[in-house]
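One chain follows as structure tokens, the form predicted on its own.
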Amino acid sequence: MFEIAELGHTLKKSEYNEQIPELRTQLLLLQQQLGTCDFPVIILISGVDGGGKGQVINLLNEWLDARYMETFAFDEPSDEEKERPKYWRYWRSLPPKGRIGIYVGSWYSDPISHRVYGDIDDSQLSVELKHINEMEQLLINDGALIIKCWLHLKKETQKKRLKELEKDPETSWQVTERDKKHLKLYDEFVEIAENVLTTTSTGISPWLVVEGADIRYSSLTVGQHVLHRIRQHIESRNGKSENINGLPFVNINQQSLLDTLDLSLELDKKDYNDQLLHYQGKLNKLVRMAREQKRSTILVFEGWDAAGKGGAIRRTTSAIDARSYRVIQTAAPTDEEAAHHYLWRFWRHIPRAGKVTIYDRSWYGRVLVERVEGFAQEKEWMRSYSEIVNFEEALIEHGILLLKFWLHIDKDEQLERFKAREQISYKKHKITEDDYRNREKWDDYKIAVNEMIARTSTRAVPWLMIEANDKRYARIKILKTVCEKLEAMLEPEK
């Protein structure tokens, strides 16, 4: 889920200087309005070491009226705090209605740190996160607005940042032995943090993940997010907005993961035919091995209309014994399906041991078409992210290999494929008025896809991004990936 914050986001000084005056003005005006409101604002600033948490908090203090806000930094509990329940020190610092409290080192710090250092195990961490969710829900039920921001850095960037700080005599004091120790534990920290954010990012209190390498970019993004959240909350409390529960997981100004894909990648026909035979033969063998070892596989195909999902699925299934797989075409739910939880119809088709189920579109329709077209209320699709992550965790905990592919093409390529289909008699049926109507919402779908990937791509079940402007390249990449993942899962033949 941190992929969105590892793309190298930066902001030019001129752009920053142009936007900051208006942001500061709007924040101050909104803060004045907040003073008459019946709820407090709690801002949590967390993230990796060197991610710029302190700088962002300093700027928020500079931009906002300090008379109506307070910043709290929590470290090791004092003797007085140790003599009381762990949440006592947080409760006593909560801001009153109409005020803002900014927290660095919040109720998330200790559970993450204790898990990284092995002081608690996964089950104990789960209990801690349950308590956190309960406390936040209690505050939200009373009207509080909780804004949670995570400042992230890639490992290489964090290492470079700490070296730069340590090299400068004026900033060397900022780098402690603890920071150096944490750098060695980076991979463990990020894995645990991903679990924490996924578990505690709820529909009404989501985490914003921001790249922290460039302070201009990170501070502006956090400032805009704070402005948006407070304004939205005031409107919802006044009954002026239906947009109560949902807000973007990532700032709309952040570069889309889709934009990083190289759609010029292609494969000539000869290479394609050679590799197709190779990987189909390999896949056939691996699927037979999986059947013998009773290991199930689920393949999820999502992507733009005309991105080539059907063609990729056919090249996959043609390598597998028809008795070993099922392809589930997901369309609008039937009356029976609509009468159940939206995941019900997907649970029904989970494969038996050793079998393969392929979903041509899937449960992600809840956060894509149902979101964009308004078939699901915002509070429904917002909570679906965590529901989907939990659903997928249940599958992999059972030993199922779950692979999910997003086939990406650009808008021009899609139009060319639409027009080509209209010229082929046996493909005309694939093009409908809805396909062209959906193109008009391309930007809305792009935002939804980017958010979907950011919130549901985990280390255990990452999204596999397929550059699909060239169908041959896409098909081979998919077949190769399936073979590699199956090989890694299966026990070697004796």
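Quick caveat, the model's predicted, so the values are computed rather than measured. All residue numbers are counted from 1 along the displayed sequence.
Although not depicted, the form predicted together with a further copy of the same chain is the subject of the following passage.
The chain is drawn here without a further copy of the same chain; in the predicted complex, the stretch among 386-394, 172-180, 276-284, 220-228 whose residues come within 4.5 Å of it by any heavy atom is 386-394. Only one of 142, 259, 373, 321 lies close to a further copy of the same chain in the predicted complex, with a heavy atom inside 4.5 Å, and it is 142. Checked against a further copy of the same chain in the predicted complex, the residues 314, 160, 97, 419 give one hit for a heavy atom within 4.5 Å, which is 97. In the predicted complex, residue 329 stays away from a further copy of the same chain, with no heavy atom inside 4.5 Å. Contact annotation for residue 101: none of its heavy atoms lies within 4.5 Å of a further copy of the same chain in the predicted complex.
For residue 400, a non-hydrogen atom is located within 4.5 Å of a further copy of the same chain in the predicted complex, even though that partner is not displayed.
Of the heavy atoms in residue 134, some are within 4.5 Å of a further copy of the same chain in the predicted complex. Contact annotation for 91-127: residues with any non-hydrogen atom within 4.5 angstroms of a further copy of the same chain in the predicted complex are 91, 92, 94, 95, 96, 97, 123, 124, 126, 127, listed in sequence order.
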